[in-house]
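Take a look at this single chain in structure tokens; it is the form predicted alone.
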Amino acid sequence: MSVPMIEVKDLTKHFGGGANIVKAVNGIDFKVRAGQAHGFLGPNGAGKTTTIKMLVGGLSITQGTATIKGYKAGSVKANSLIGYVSEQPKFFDMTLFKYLIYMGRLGHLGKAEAAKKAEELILWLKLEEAADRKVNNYSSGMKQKAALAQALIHEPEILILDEPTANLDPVGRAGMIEHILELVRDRGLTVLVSSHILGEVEKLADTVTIINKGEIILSDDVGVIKDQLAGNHFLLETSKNELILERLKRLRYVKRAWIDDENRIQVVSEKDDVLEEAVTEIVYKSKAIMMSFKKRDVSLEDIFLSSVSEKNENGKGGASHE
């Protein structure tokens, strides 16, 4: 099996000491495989940014390990494989074109190669009209594009993005997501993206890790998690909902059934295979029309809220530091 592009084992970061110790990240483990888009999620203060800073070498590791394609996180080799966009990117006092060439040279590109790559990225991100303006004078949306360009100038294998759509309007967010999707879909980059906008992550991510209070509470394939959370929860629409509902409630393996605000019957059953047969029979005998019968759709927001609320109810985890 190939080496994971990102792997953390027992990764821990504590600040302070003694009675004042803050456990920002507390022994977490997760992997990101080549070509995956991996969502890294958690509420504010969960430890997301602290983890990302350890991955890119911006913070030392208290305990455990973090590797980038097998190389120690923060090493020269590991950093050469990473393109990084921070939540609040900072720029030198340069025009975009000169800034990208400069960053390319830092990434060991020749001057001509850096200039060529800068031109390609400027065109791809539709920033050509602003290429000779200083980046510090850009709007928030243009700065995010410029940050993405600098992350890509040295042609990394891995992109680590911390809130890449922060402070963008809906049009800007949609454009940024489309650019990231293209990098994964068409160029095969591996992406770790942290964002609080769950609908955007859902469009991008194959796998997710959810962190809360410095600890991993869930890490798996998005489809697998959705199936697990949906469980035996079904949505049914018929021409005689009230009658069908009463008959469903009589089934001993139906745990709960009700009609929701959208006039759908929601059914939670202990036995999904038996329920499917029973629903078909009940609808037929009731001389009703079945419009639809399916498992409840589960969103990434459902997964996030369910996981975080369960963690909070258990009361585990110490102080946090983002």
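If you're wondering where the values come from, they're calculated on a predicted model, not measured in any experiment. All residue numbers refer to positions in the sequence shown, first residue = 1.
What comes next is about the form predicted together with a small molecule, which does not appear here.
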Even though the partner isn't displayed, in the model of the complex is residue 49 close enough to the small molecule, meaning a heavy atom within 4.5 Å? yes
Within 4.5 Å, heavy atoms only: does residue 11 come near the small molecule in the model of the complex? no
Can you work out whether residue 57 and the small molecule are in contact in the model of the complex, taking contact to mean some heavy atom pair no more than 4.5 Å apart? no
In the model of the complex, residue 44 touching the small molecule (heavy atom, 4.5 Å): yes
Choose from 282 to 290, 36 to 44, 259 to 267, 66 to 74 the stretch whose residues reach within 4.5 Å of the small molecule in the model of the complex, heavy atoms counted. 36 to 44
